[in-house]
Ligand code: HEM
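Shown below, as structure tokens, is a lone chain in the form predicted alone; questions about how it binds or moves come after it.
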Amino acid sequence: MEDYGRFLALLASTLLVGFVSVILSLVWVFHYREGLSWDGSQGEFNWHPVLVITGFVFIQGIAIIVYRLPWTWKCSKLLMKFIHAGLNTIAMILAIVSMVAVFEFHNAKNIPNMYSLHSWIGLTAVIFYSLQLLLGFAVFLLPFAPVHLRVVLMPIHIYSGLTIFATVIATALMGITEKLIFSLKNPAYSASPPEATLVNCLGLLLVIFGSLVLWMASRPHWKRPPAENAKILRLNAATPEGTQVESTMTNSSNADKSDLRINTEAARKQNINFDEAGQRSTM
């Protein structure tokens, strides 16, 4: 992998920022906002920011970059698809539970639903995220869709996944700002009390986390290598003397290599577009 050290540094920074964001959301709701409960009180509403940040932001971000982890390139692409889909499924479930908490809290307190821009964009993001997940299962995970359909839909799948993720970050920023404005009265939000400072720092961390994920996902030299290279990685990993295997392959006769290339060239050309696109899947 090109710039392997830089990738590891960015990955560690991304995970650290995401983890700290989750911790700050818990500090916020437990130290300033009555904790967590499920009884129609403020504690039930507090599930909303915690689950959104944990699932819809942090876990979704990990799902986006999971294909970029070089130590997973020895795994089969099908296994990575299941991991990618599983992480996104967890994120979607947590996002739906967070919305149920908001609606139940509003109904218990006779607060109108779906009146703010935050709620409009948030519901839209959940709907499109669910559709994105269903499309990913139907087209890219299950073995029924033809290759040419996958090739056509893959760029749309990637673009919509990254767009939804960026939209979720923006919606979270609107939501925490809206909550502070409504909740902080004495002292007011404009007076910058400790709670406001904490949540503003949380918002900055969400922006940093989203930027790092999008940067890692958009670097072409950090994508999963083509299938034939990944196969060599698996062979090397399966043999303790990995370098000896590689040397043996390198020293094999040119005639054997030529026969292998001739036998596989047609299939490789037929599927190269899908293989290239498939490695960048972000669901």
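We number the residues from 1 along the sequence you see. Since the model is a prediction, treat every value here as computed from it, not as a measurement.
There is also a form predicted in complex with this ligand; it is not shown, and the following applies to it.
The single contact residue among Val151, Leu123, Leu184, Cys75, judged by any heavy atom lying within 4.5 Å of this ligand in the predicted bound form, is Leu123. In terms of contact with this ligand in the predicted bound form, the residue from Ala196, Ala172, Leu94, Leu205 that brings a heavy atom within 4.5 Å is Ala172.
Taking the partner from elsewhere, Phe58 is found to have every heavy atom lying beyond 4.5 Å of this ligand in the predicted bound form.
A residue is said to contact a partner when one of its heavy atoms sits within 4.5 Å of a partner heavy atom; Trp71 fails this definition for this ligand in the predicted bound form, lying far away. Contact check for Tyr115: a non-hydrogen atom falls within 4.5 Å of this ligand in the predicted bound form. Taking the partner from the other structure, this ligand in the predicted bound form has a heavy atom within 4.5 Å of a heavy atom of Val102. Within 4.5 angstroms of this ligand in the predicted bound form, the stretch 115 to 145 places a non-hydrogen atom from each of Tyr115, Ser116, His118, Ser119, Gly122, Leu123, Val126, Tyr129, Gln132, Leu133, Gly136, Phe137, Phe140, Leu141, taken in sequence order.
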